[in-house]
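Quick heads-up: it's one chain on its own, the form predicted alone, in structure tokens.
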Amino acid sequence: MVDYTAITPEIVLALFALAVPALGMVMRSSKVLAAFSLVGVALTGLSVWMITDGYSGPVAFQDFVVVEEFSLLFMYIFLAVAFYVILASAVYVKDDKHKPEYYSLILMATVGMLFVASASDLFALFVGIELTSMSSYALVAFKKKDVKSAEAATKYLIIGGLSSGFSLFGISLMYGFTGTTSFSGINDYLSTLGAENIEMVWLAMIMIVVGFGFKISMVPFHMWAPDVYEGAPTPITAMLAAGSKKMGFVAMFKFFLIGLIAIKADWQLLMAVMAVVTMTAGNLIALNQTSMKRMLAYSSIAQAGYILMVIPVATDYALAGGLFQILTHAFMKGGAFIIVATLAVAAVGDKISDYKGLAKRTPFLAIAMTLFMLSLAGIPPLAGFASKFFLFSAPIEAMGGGNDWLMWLAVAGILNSALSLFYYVRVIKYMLVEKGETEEKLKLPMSMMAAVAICLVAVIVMGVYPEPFYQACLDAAKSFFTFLA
């Protein structure tokens, strides 16, 4: 008897995704379709809560899908991102005749993310990633007559296909060598492996890291991100930065911290170097950007470098800090991109210089963007400061036993945060200090303003009162490492 309990949320959301195009045949209103999709996201969140109410252990589906605190945290993050992206899209796509397909694709992309959150096997992980990727390719290309959108979708499709090929090749090599695709099974096999037999594991690992590295835009696999983020519809850019990129980190965490933890000494230094290179390259290139979306894209690459610090440290304290950073980043970066989308609806350009005098034209969005920028830079008392505090203190906490060099990870993170402050403050200066060409008030859609407000409240609350959120992340980290038992 097959137990479908663990995939109830995915089933609920997939049914809504299939129903949206049918509803679109009789109801062409974007607001109605968006409301129906939001109901689907809300009911999916309720189903997530219901299957774990009175939770006392994992709920499994053929041992490919396991639901526990780690999975739950990411499920709620992905659903929250889908919620505010759909809310912001109600006006953004109101004149497009393919509105039903747009909402359906967002829901299907979220279904893939939910699968990845609870996957305990490389193939289950791959299926979830590809489901999200296929939907994302179409969403990036949604503005078919826009040259930048078409270019972005072409690059995304080609590079995404290459990354999938690398991932699948690496998974097949790992299976051929270990005889399993289960993360815990791979770790059990590697724990008995002699040093002389490690070459094939390294080859498989490199292939999979290349594939997953594209998904999280890790240097040197990052060059697609700025072009795709710039060309995609801006609400979809928010989904890519706050949702699908976080899905890539789920894959990286499970692969390294469960599947390869037995050979940690072989890859620890490599991943530490990749983390430092990624955060430094992202911040340095962001300094010279004139496009708001490209600046946020490179900032997102730098943020990926910060989160990558979790892997070489590999403690539950580090993972908790990384999860908290992922949680706060989903609202900081998502909120910033939703503001860009909101201003685009009001015909405000994408150049950073176009934001001059914004405080006179729309005080709420100017203040919100200011807080998002300060939070991304790690300024107290906002959420970004709290999450970076826990994340950057993890390498210091892990020092000792030959790991004193981990301190330099924390130093690199702190210096890069200071560097990032330059381009974040530049945006704030343009909005609050510089005079724009006009002071005419902007008329902005309430649904998009509501999406910004959701992100803003989350950033403030998690900064002022971080304890319950960090505790949830710590519980998730501890449950994650029970895979190793």
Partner chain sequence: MDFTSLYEVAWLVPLLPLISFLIVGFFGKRFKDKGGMVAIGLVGAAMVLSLIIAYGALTGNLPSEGYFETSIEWVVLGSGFAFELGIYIDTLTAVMLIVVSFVATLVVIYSIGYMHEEGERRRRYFTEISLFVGVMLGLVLANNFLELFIFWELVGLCSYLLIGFWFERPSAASAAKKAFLVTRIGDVMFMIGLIIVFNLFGSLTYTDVFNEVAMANVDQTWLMWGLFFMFGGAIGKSAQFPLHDWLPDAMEGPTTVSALIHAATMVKAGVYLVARMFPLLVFNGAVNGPNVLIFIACIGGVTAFIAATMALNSPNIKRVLAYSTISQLGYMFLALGTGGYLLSQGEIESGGLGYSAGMFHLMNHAFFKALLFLSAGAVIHLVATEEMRKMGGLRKYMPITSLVMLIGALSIAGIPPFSGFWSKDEILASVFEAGSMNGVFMLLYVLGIATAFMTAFYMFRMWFMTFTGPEGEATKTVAERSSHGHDAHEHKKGRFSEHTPKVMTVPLILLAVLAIFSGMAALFFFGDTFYGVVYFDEPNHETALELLESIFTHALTYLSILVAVAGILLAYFAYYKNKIDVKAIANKPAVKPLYDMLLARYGFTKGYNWIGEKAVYGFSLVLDKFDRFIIDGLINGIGKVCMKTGKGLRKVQTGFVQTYAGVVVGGAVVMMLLMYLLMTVLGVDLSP
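Numbering follows the first chain given and starts at 1. Keep in mind that what you see is a predicted model, and the values were worked out from it rather than measured.
Below, we refer to the form predicted in complex with the partner chain, which is not included among the displayed structures.
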property	result
Segment assignment from 90-98, 294-302, 325-333, 67-75: heavy atom within 4.5 Å of the partner chain in the predicted complex	294-302
Proximity to the partner chain in the predicted complex, single hit among 379, 352, 346, 261 (heavy atom within 4.5 Å)	379
Contact assignment for the partner chain in the predicted complex, among 425, 35, 444, 453, heavy atom within 4.5 Å	425
Contact test, all of 16, 19 and 216, partner the partner chain in the predicted complex, heavy atom 4.5 Å	no
The partner chain contact in the predicted complex: residue 184, any heavy atom under 4.5 Å	no
Heavy atom of residue 12 within 4.5 Å of the partner chain in the predicted complex	no
Touches the partner chain in the predicted complex: residue 432 (any heavy atom, 4.5 Å)	yes
The partner chain contact at residue 202 in the predicted complex, heavy atom, 4.5 Å	yes
Within 4.5 Å of the partner chain in the predicted complex: residues from 72-110 (heavy atom criterion)	none
